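Single chain ahead, written as structure tokens, the form predicted alone.
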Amino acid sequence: MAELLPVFTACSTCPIRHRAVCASCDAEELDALNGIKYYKTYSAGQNIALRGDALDMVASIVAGTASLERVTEDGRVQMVGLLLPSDFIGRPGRSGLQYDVMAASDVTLCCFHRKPFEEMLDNTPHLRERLLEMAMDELDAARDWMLLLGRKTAREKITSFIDLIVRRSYHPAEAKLDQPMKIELPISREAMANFLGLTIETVSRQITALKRDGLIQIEGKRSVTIPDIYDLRAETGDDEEDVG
């Protein structure tokens, strides 16, 4: 059984309301979405969807983290992406996925049966435009990930990953960049190594080095405090305009 996660019922109080596919919807459109949505929970390690299988739903992640994975010809599993709260699963107009979707932690999804959602897209420009915007953001993220894997050092990969989680954990209007920022790493060090193309030993060494250099503070296995986000972003290897 999945860990008991917060129960969500009203779109107006949903924690991803201003970032998800419904972000641009007005009150009437939200009421329509309310009428066709339902929630599902998954335990860490559980399959959410498998490549090639029929997928009769689309969904937004409300809580938790999922991974996108592909199995290579020799049986190795490669993580090719992370899905964090507000990210969207599924493609309107397509009945399947190109990747396996796995629950990296306990996950809550806000789900819509695919056909009713597609019908609503046809009649709801705000929903359609927001979905296109999210698709473009996903494309940009994929290009950034290619840069991260191909060009960045191990230290730059780790700091870029931490910064990614910071950006997704704080609403831009509420983030206080001049104060320490605290996050929970959504995946294990082993999963980070898979995602970043490193060994688990390298991940551990780099995290220890960042801690020694005062760029992060660690409590337990997953809790990380960043005393100065600007100092951390200076280590990501990105241009100033990219990390500001």
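On a predicted model such as this, the values are computed, not experimentally measured, just so you know. Position 1 is the first residue in the sequence shown; the rest follow in order. Whichever C-alpha set is largest while still superposing within 1.5 Å between the two forms counts as the rigid core.
Omitted from view is the form predicted in complex with the DNA, to which the following refers.
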**Q.** Single option in 43, 34, 204, 217 placed near the DNA in the predicted bound form, where near means a heavy atom within 4.5 Å
**A.** 204
Q) in the predicted bound form, which of the listed residues (147, 154, 121, 134) lies with a heavy atom within 4.5 Å of the DNA? A) 154
**Q.** 4.5 Å heavy atom contact, residue 47 to the DNA in the predicted bound form
**A.** no
Q | Contact flag, residue 30 vs the DNA in the predicted bound form, heavy atom cut 4.5 Å | A | no
Q) With a 4.5 Å heavy atom cut-off, would you call residue 189 a contact of the DNA in the predicted bound form? A) yes
Q: Please check if residue 198 has a heavy atom lying within 4.5 Å of any heavy atom of the DNA in the predicted bound form.
A: yes
**Q.** Candidate stretches 65 to 73, 206 to 214, 35 to 43, 48 to 56, one within 4.5 Å of the DNA in the predicted bound form by heavy atom
**A.** 206 to 214
Q. Is residue 94 one of the residues whose Cα moves 2 Å or more between the shown form and the other one, with the core superposed?
A. no
Q: Kindly check if the Cα atom of residue 77 is displaced 2 angstroms or more between the shown form and the other one relative to the superposed rigid core.
A: yes
